[in-house]
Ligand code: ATP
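Only one chain is included here, represented as structure tokens and corresponding to the form predicted alone.
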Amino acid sequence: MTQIVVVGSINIDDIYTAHSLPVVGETVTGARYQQQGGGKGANQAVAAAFDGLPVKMIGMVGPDADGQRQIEELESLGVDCSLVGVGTEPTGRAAVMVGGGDNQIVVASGANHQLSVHTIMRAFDSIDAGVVLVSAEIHDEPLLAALFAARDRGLTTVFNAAPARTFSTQLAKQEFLLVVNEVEAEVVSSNHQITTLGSEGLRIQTPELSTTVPALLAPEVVDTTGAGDAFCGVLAASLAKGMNLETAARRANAAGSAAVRVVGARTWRSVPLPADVAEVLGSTRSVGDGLGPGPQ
């Protein structure tokens, strides 16, 4: 069975849900607070585990209770954390403010920025097959090391260039499937690229394929946090299952649609499966059983 290897961040999300987001200098009261697991890498690993394929996470947590709790949660959701290291900085943390279907996020990276090239290379010593998914809430050096290691092993590689920033020019020399939103697409591009377009769906552009996929429009957009992570994780899993790129992108699109209907980046895995999403994902669970893999 083909495995997915996810390289990226692991965070705790402190989520504040209010009727609206504050403008500069404004205080919004009456918010509801909840704490959930987060981090782009960890969220993507949880999404990749949706189909029940083996998923390994490469990342870092802190020497604190938050880090141990995150490892336990990820393991319970089907993610192998044997390659997750423990740093000296606190586990990464994000303040997520949600209001009016949009969000504002501030991240304290903590242990995530202690993920090193050495840790990456040591982890890849045990990996010689599978699909590799890398996101950008880590430093450029380990990010490039993961892409180089995947390339040297001939592995299918998906790079989610998020959050948007200026990346090393060495990225332009790599062969990977790039996943970006419209903002990120202004910073980095590839000749094998999926650009997510929000309510407009997505665009696929490769030398062999140029097409658009319409969005599955959610009845109500509750929280966009983690929608891109759901997309990337299910995309990687679909490719690992041998699906062609367009089919994989359509399934990923459905997962992203599910994610915006609930608060939190991973909540979509544990709530009733909307009928339109179920149809595209082809889950063996029946509608209402919850989002997650059916029997394998």
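Start at 1 and count along the sequence shown; that's the residue number. For clarity, every value in this text was computed on a predicted model and none was experimentally measured.
One more form of this protein should be noted, the form predicted together with the named molecule, which is absent from this view; the next part is about it.
In terms of contact with the named molecule in the model of the complex, the residue from 144, 188, 83, 221 that brings a heavy atom within 4.5 Å is 221. Contact with the named molecule in the model of the complex, defined as a heavy atom within 4.5 Å, holds for exactly one of 201, 90, 78, 99, namely 201.
Proximity of 196, 253 and 256 to the named molecule in the model of the complex is complete: all three residues have a non-hydrogen atom within 4.5 angstroms.
Partner proximity in the model of the complex, defined as non-hydrogen atoms within 4.5 angstroms of the named molecule, places exactly one of 119-127, 67-75, 221-229, 144-152 at the interface: 221-229. Remark: residue 260 counts among the residues lining the named molecule in the model of the complex, judged by a heavy atom distance of 4.5 Å or less.
Contact between residue 103 and the named molecule in the model of the complex is found at the 4.5 Å heavy atom cutoff. Although the partner is absent from this view, residue 157 stays clear of the named molecule in the model of the complex, with no non-hydrogen atom inside 4.5 angstroms. Though the partner is left out of this view, residue 217 does reach within 4.5 Å of the named molecule in the model of the complex, counting heavy atoms only.
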